[in-house]
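First, one chain by itself in structure tokens, the form predicted alone.
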């Protein structure tokens, strides 16, 4: 998309969230020659956050400062961003990560500034944005139908730009004033279902709904038991079914893992799950559907019924011991 491109940078505990760096790569893919970054916070923390963004990306940064922005709420962000963008003319693109915060405020912001809203973007086409449909089995191309667009981008869809720029961007701090809100933030808590053993495992064997039933979870657990320092993972669908506890969930709303080996059993490959395991050293997928999205990220793909494949693999491994 031509025109002005703005990246909303989320932060927590004085640190920029990692997904923010992926948005810079997304902006480059969209052809944005000089995107600008926007960070919102209180006056005590806005300058170091803005400086970090400017030094790491080399982009110009606007820091919107106000006491009402000390903790995130959708109301605080919208009440600050709407006046900032209301007088903007021409084509603009505002992007944020497709996390709980991005999903929370982006649609509301689009309504308030008369922009279209496209969520869960995972790729860029010729003037279009690509998103998954039906758990990753299909991909749809969506085109912005207005001059202004608000986008949310799936975590893990774009590799971050890691290198710090030689020349930092310029920083401009803009007082947002004191805005009275009807909602307030009481802070954040660590995930209830965080699984430290899962995040430290060298091998993760994960189950998707393609395993078929709770009884077949034993097969995945049996495969996991072959490896030392291994752990059992799952998709959200498996946890929603009650086949495994939510502490096993991997994905954008669960645990993030980066093991040396990731075995995906009966996992379709929805981008929400891939976001939680994309940095694995080697990914091996077992699925009966040769068109499953998981094969797009797997290093090795096995098209087979796991109830047949896993017992054969386990038997062969045990005989070699």
Partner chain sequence: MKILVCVKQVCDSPDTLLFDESAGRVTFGPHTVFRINRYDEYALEEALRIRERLGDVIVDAVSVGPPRVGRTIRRALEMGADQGIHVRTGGDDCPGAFERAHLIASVARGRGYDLVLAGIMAEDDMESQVGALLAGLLGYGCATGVIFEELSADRREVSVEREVEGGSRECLALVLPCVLTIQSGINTPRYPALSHVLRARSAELECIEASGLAVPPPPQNIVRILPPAEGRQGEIIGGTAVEKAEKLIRILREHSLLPR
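Numbering follows the first chain given and starts at 1. The structure displayed is predicted, hence computed values, not measured ones. Rigid core here is just the name for the largest C-alpha set that superposes within 1.5 Å across the two forms.
A second form of this protein, the form predicted in complex with its partner chain, is not displayed here; the remarks below concern that form.
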Next item on the list: Would you please decide whether residue 222 lies within 4.5 angstroms of its partner chain in the model of the complex, comparing each non-hydrogen atom pair?
Entry: no
Item checked: Contact flag, residue 213 vs its partner chain in the model of the complex, heavy atom cut 4.5 Å -> no
Notebook entry, point to check: Does the 4.5 Å heavy atom contact test between residue 15 and its partner chain in the model of the complex come out positive?
Noted result: no
Notebook entry, point to check: Quick one: does residue 232 come within 4.5 Å of its partner chain in the model of the complex, counting heavy atoms only?
Noted result: no
Notebook entry, point to check: Among 87-95, 115-123, 170-178, 213-221, which stretch has residues whose heavy atoms lie within 4.5 Å of its partner chain in the model of the complex?
Noted result: 115-123
Note to self: Each of 9, 25 and 67 within 4.5 Å of its partner chain in the model of the complex, by any heavy atom, yes or no?
What the structure shows: no
Next item on the list: Heavy atom within 4.5 Å of its partner chain in the model of the complex: which of 199, 80, 128, 247 fits that? Just give me the one.
Entry: 128
Check: Considering only 226-256, what residues come within 4.5 Å of its partner chain in the model of the complex, judged by heavy atoms?
Finding: 226, 227, 228, 236, 240, 246, 252, 253, 254
Next item on the list: Establish whether a shift of 2 Å or more occurs at the C-alpha of residue 259 between this form and the one not shown, with the two forms superposed on the rigid core.
Entry: yes
Checklist line | Per-residue C-alpha change between this form and the one not shown, residue 210, threshold 2 Å, rigid core fit | finding: yes
Margin query: So, superposing on the core, is the move of residue 236 at the CA at least 2 angstroms between this form and the one not shown?
Written below: yes
